[in-house]
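Form predicted on its own, single chain, as structure tokens, below.
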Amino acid sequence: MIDKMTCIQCPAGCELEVGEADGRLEIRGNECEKGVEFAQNEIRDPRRNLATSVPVKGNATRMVSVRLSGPVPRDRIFPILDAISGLRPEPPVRRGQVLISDVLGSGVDVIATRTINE
């Protein structure tokens, strides 16, 4: 079976073909080594980062943007979103402030990407 994917590791956006033979991945179409690493990760351990916004406590119309401090396995995105959905940080919130440490034992933090003073 051959999977086709577009590498997103550099502006070249190589169209990759990834197959498996004898337990080894065969990767074609990459113009650099980043494509090989990208394809291996996508097949064996796909990970994504996440960014969203949550309301600030005491003011449901005011939002603070948040993101994860690193990528997590793709199958953990929705449980982590559920954990973030209940988050209501109290102002002041500083950009870079950890709002949830080690969210769901993933090893990554939920951090604010915007400062809210009031």
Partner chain sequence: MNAGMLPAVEKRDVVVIGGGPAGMTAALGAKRAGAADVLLVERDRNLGGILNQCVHDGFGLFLYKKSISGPEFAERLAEDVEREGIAVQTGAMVLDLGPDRLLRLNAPDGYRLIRAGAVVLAMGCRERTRDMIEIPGMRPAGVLTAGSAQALVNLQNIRIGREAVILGSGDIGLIMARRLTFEGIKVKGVFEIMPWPGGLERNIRQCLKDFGIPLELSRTVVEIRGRERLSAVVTARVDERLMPVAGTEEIVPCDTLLLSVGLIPENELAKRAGIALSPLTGGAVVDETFMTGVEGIFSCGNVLHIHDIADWAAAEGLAAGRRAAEYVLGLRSLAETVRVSAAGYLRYALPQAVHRGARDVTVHFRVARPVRGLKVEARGVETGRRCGGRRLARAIPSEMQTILLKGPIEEDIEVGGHD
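Predicted, not measured: the structure shown is a model, and the values here were computed from it. We call the rigid core the largest set of C-alpha positions that still match within 1.5 Å between the two forms. Numbering follows the first chain given and starts at 1.
What comes next is about the form predicted in complex with the partner chain, which does not appear here.
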In this chain shown alone, the residue from A12, L25, V98, L104 with a heavy atom within 4.5 Å of the partner chain in the model of the complex is A12
Would you please decide whether I43 lies within 4.5 angstroms of the partner chain in the model of the complex, comparing each non-hydrogen atom pair? no
Using a 4.5 angstroms cut-off on non-hydrogen atoms, would R76 count as touching the partner chain in the model of the complex? no
Contact test in the model of the complex: L87 vs the partner chain, heavy atoms, 4.5 Å: no
Within a 4.5 Å heavy atom cut-off, is A83 in contact with the partner chain in the model of the complex? no
Where, within 47-61, is there a heavy atom within 4.5 Å of the partner chain in the model of the complex? Residue list please. R48, N49, L50, A51, T52, S53, P55, A60, T61
When the two forms are laid on each other by their rigid core, does P11 show a Cα shift of 2 Å or more between the shown form and the other one? yes
